[in-house]
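Just one chain is shown here, as structure tokens, and it is the form predicted alone.
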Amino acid sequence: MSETTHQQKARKAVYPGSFDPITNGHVDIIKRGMKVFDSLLIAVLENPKKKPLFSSEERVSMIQELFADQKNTEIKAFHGLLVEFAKNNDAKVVIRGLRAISDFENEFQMALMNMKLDPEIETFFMMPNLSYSFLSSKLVKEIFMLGGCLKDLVPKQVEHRLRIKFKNKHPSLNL
């Protein structure tokens, strides 16, 4: 295949999320997405309606640490419309994870709205590995705050950052 043909077929996807914090479910989708697409832009959402535990800079840093050896990934924070972010970063595909049927209605609605806003952007739905189908960042934070075990739920680096963050925010907790 000539270089020109390969460049024309190169596919860049964007995987958006709050990643507060990134879980093994997210990591699973990212690793599998890297096998499907030539490059993957992990887009860390700055949502003014949410009060994240980690700043967008901390979330970007965590993800960069996890995927430092991957040449076909890029991690950026963003706010505003996802389709504009995708277009500004030359991505034609948005990856969305579907954990359960309850996710489908909201994700379907967002995919249709994104299609309305920019018909050139496609949504690519991926199911996580079965062992992560119940997992969410919110659940991870709750389990951690209540002293539960995070083994197999988040990467070790993320658990370490959770310990530091919660010790600083809640010094009375025995972590």
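Remember, it's a predicted structure, so these values are computed and weren't measured experimentally. Quick note: we count residues from 1 along the sequence shown, nothing fancier.
Missing here is the form predicted in complex with adenosine-5'-diphosphate; even so, the following discussion is about that form.
Engineer: In terms of non-hydrogen atoms within 4.5 angstroms, which of the given stretches 62 to 70, 111 to 119, 142 to 150, 23 to 31 touches adenosine-5'-diphosphate in the predicted bound form?
Structural biologist: This holds for exactly one stretch, 23 to 31.
Engineer: Is F54 close enough to adenosine-5'-diphosphate in the predicted bound form to count, meaning some heavy atom within 4.5 Å?
Structural biologist: No, F54 sits far enough from adenosine-5'-diphosphate in the predicted bound form that none of its heavy atoms falls within 4.5 Å.
Engineer: Using heavy atoms and a 4.5 Å limit, would one call S137 a contact residue for adenosine-5'-diphosphate in the predicted bound form?
Structural biologist: Although adenosine-5'-diphosphate is absent here, S137 would touch it in the predicted bound form, with heavy atoms inside 4.5 Å.
Engineer: Would you classify R99 as touching adenosine-5'-diphosphate in the predicted bound form, given a 4.5 Å non-hydrogen atom cut-off?
Structural biologist: Residue-level check for R99: yes, a contact with adenosine-5'-diphosphate.
Engineer: Can you tell me if F37 lies within 4.5 angstroms of adenosine-5'-diphosphate in the predicted bound form, counting non-hydrogen atoms only?
Structural biologist: Heavy-atom contact with adenosine-5'-diphosphate at 4.5 Å: absent for F37.
Engineer: With the partner left out here, which residues of 101 to 138 have a non-hydrogen atom within 4.5 Å of adenosine-5'-diphosphate in the predicted bound form?
Structural biologist: In sequence order, D103, E107, P128, Y132, L135, S137 come within 4.5 Å of the partner.
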